[in-house]
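Shown below, as C-alpha cells, is a lone chain in the form predicted on its own; questions about how it binds or moves come after it.
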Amino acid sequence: MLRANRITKIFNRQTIIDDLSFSVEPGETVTLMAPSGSGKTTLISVLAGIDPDFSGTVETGTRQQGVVFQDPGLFWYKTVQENIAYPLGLRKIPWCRNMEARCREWMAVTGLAGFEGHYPHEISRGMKQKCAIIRTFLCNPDLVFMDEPFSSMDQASARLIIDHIHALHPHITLVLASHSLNQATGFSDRVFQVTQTPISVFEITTP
C-alpha cells in the first residue's frame, strides 16, 4: 500500500507539489498522468524516498520496493547481462539456477534474448528501458515506482511486460508516471490525472 499525506515540495522557491494527499491499495496498478514538465518525476522521487526534502508524510509498509527511472542508468562499460545482475550483487542475492531461469524468461518476454553480451551503446533506447525493468523485478519487490517506463516502446511490448509482471507478482503494487493517456488506460486499475499545477489534486478515473 501507499499513503501520501499532505505532501508539499518546493524547489528554487517554486512550489512543485502543493498539499497533495492520496492512497494506493495493495495490489493496485495506478498511473499518475500529467503532461511532461509538470512534476511527475519529482513526485515519484518523493514517494520512493529518493528526495527527502519535502513536507508531509509517505507511508508504504512494504518489504521491498524498487524504482524504474526514466533514464535507464546503465553502466556503459557493462554488458546487458552484467547491468541486469548488478543490483543483485549489491543486495547479496545469489545468482542461482532459479535466478538464471527467471532472467532468461524475462529476456525472452522483452525480446532481449541474444543481446546478453551487448553493451548499452549497441542497443536501442527501448531495449535499455527493458534492461532497467528486468533488473528491478529480479530483486522481487512488492512495490515499484516506474517513471515513464514505456516511453520508447510500442504498446504491444509494454503490454507483454505488464502482463508478465502481474503473472510473476500477482500481489504487486505498481505506481507508474506517464504523459500518455493510451498507456494509462491500457495498464491501470485507476488513473490519477493531474488537473492543475502545482500538483495538488488528482482527478481519479477507472479505465
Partner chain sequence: MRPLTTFFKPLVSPLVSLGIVMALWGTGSLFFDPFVLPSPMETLGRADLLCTPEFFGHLSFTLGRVMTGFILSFALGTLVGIIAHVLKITAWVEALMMMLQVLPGLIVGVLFLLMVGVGSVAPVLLVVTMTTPLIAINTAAALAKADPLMEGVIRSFNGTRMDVIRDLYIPLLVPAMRANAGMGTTMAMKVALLGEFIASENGLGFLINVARIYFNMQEVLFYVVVILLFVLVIQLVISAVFMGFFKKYFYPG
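Please read these numbers as outputs of a predicted model, since none were measured by experiment. Numbering follows the first chain given and starts at 1.
The same protein also has a form predicted in complex with its partner chain, omitted here; what follows describes it.
Enquirer: Report yes if any heavy atom of Thr42 sits within 4.5 Å of a heavy atom of its partner chain in the predicted bound form; otherwise report no.
Expert: Contact check for Thr42: no, nothing within 4.5 Å of its partner chain in the predicted bound form.
Enquirer: Even though its partner chain is not shown here, does Phe115 get within 4.5 Å of it in the predicted bound form, heavy atoms only?
Expert: Taking the distances in the predicted bound form, the answer for Phe115 is no, it never comes within 4.5 Å of its partner chain.
Enquirer: Tell me, yes or no, whether Asp71 is in contact with its partner chain in the predicted bound form, where a contact means a heavy atom of each within 4.5 Å.
Expert: It does: once its partner chain is placed as it appears in the predicted bound form, Asp71 has a heavy atom within 4.5 Å of it.
Enquirer: Taking any heavy atom pair closer than or equal to 4.5 Å as contact, tell me whether Ile162 reaches its partner chain in the predicted bound form.
Expert: No, Ile162 sits far enough from its partner chain in the predicted bound form that none of its heavy atoms falls within 4.5 Å.
Enquirer: If you check Val67, Val58, Ile172, Leu168 against its partner chain in the predicted bound form, which one has a heavy atom within 4.5 Å?
Expert: Looking at Val67, Val58, Ile172, Leu168 one by one, just Val67 meets the 4.5 Å heavy-atom criterion.
Enquirer: Among the candidate stretches 135 to 143, 28 to 36, 151 to 159, 172 to 180, which one is within 4.5 Å of its partner chain in the predicted bound form when only heavy atoms are counted?
Expert: Partner-contacting stretch among the options: 135 to 143.
Enquirer: Where, within 72 to 100, is there a heavy atom within 4.5 Å of its partner chain in the predicted bound form? Residue list please.
Expert: Heavy-atom contacts within 4.5 Å come from Gly73, Leu74, Phe75, Trp76, Tyr77, Tyr86, Pro87, Leu90, Arg91.
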